[in-house]
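One chain comes next, on its own, written out as structure tokens in the form predicted alone.
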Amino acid sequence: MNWRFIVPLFLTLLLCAFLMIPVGLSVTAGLTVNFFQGVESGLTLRWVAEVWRLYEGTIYLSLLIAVSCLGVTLVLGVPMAYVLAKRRSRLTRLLEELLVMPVAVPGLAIALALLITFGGFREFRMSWAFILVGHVLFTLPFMVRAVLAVLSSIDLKGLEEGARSLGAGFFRRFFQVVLPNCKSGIVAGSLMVVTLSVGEFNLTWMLHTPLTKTLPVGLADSYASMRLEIGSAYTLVFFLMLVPLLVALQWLGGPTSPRRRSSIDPNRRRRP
């Protein structure tokens, strides 16, 4: 028997069971007529429909904030990671460490700082954009570090020098050379940003208003003020919304079909 394979496999299955059994019980509770009687009481979609009726707005708002947060972190994080990878110095290392501060500081402290700074801007404070700012601050380090890890593992300087020798300008090098080579880091960072934004509670709990509740805040309210079946059905809705989104991101970041030959001709010599 190959114990080197069996033992890690057993530990992996044990860990998966430890994580998935509670999730399965929670999902089952959201589909049963009565949680205390279990599956014997019958299965129903009544609680799912009740969650949709009461918290439909939180689902759409969570998706909107997550997608907006992903867009902002892509626009800010990828160029930032490119600069940090290209110019390695004490200053860039210091900036990299400062960038991780929102992760080290508790979300409640970040939310309190935002409330103190922007609490006087009433319209901004009452809009979902206020929550978006907090989510961007919290998730941006994950996007930057994921892309930076990939850029640091490739010969970025050599790739850019090769493209430059073929006559490619900065934007052409960035979009046709740098971005395709750090695609895996962008996908990994995107998965982290979306999951963290959708599931963020501490920061959102302090920044939200009665009209800007997100999924985790609504889930906490449902557990605190309603039947256990409704809270469990809310968990089921959470998974049904999040899993297809993650699968779509994985599909978009998967292997692509062969494309046409690059417009950068390798036989073309650099003009004097």
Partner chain sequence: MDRRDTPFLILLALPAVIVFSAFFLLPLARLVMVVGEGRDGLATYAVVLTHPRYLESLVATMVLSAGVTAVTLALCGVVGVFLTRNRFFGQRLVVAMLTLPLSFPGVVVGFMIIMLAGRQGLIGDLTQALTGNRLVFAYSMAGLFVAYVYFSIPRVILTVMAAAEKLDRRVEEAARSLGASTWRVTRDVIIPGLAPALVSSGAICFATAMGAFGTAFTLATRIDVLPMVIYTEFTLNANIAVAASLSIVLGIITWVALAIARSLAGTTVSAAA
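Everything numeric in this text was worked out from a predicted model, so none of it was measured. Positions refer to the first chain, counted from 1.
FYI, the form predicted together with its partner chain isn't displayed, but the following is about it.
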**Study point:** Answer option from 137, 187, 150, 194, heavy atom within 4.5 Å of its partner chain in the model of the complex
**Key:** 137
Study note, to complete from the structure: If we test each of 31, 206, 54, 63 for a heavy atom within 4.5 Å of its partner chain in the model of the complex, the one that passes is 206
Review point. Even though its partner chain is not shown here, does residue 219 get within 4.5 Å of it in the model of the complex, heavy atoms only?
Key: yes
**Study point:** Distance check, residue 68 to its partner chain in the model of the complex, heavy atom within 4.5 Å
**Key:** no
Check your understanding: in the model of the complex, does residue 90 have a heavy atom within 4.5 Å of its partner chain?
Key -> no
Review point. Could you tell me if residue 97 has a non-hydrogen atom within 4.5 Å of its partner chain in the model of the complex?
Key: yes
Revision key, fill the gap. Within 96 to 126, the residues having any heavy atom within 4.5 Å of its partner chain in the model of the complex are 97, 98, 99, 100, 101, 102, 103, 104, 105, 106, 108, 109, 110, 112, 113, 114, 115, 116, 117, 118, 124
**Study point:** Direction of C-alpha distance change in the model of the complex, residue 12 to residue 149 (at least 3 Å)
**Key:** farther
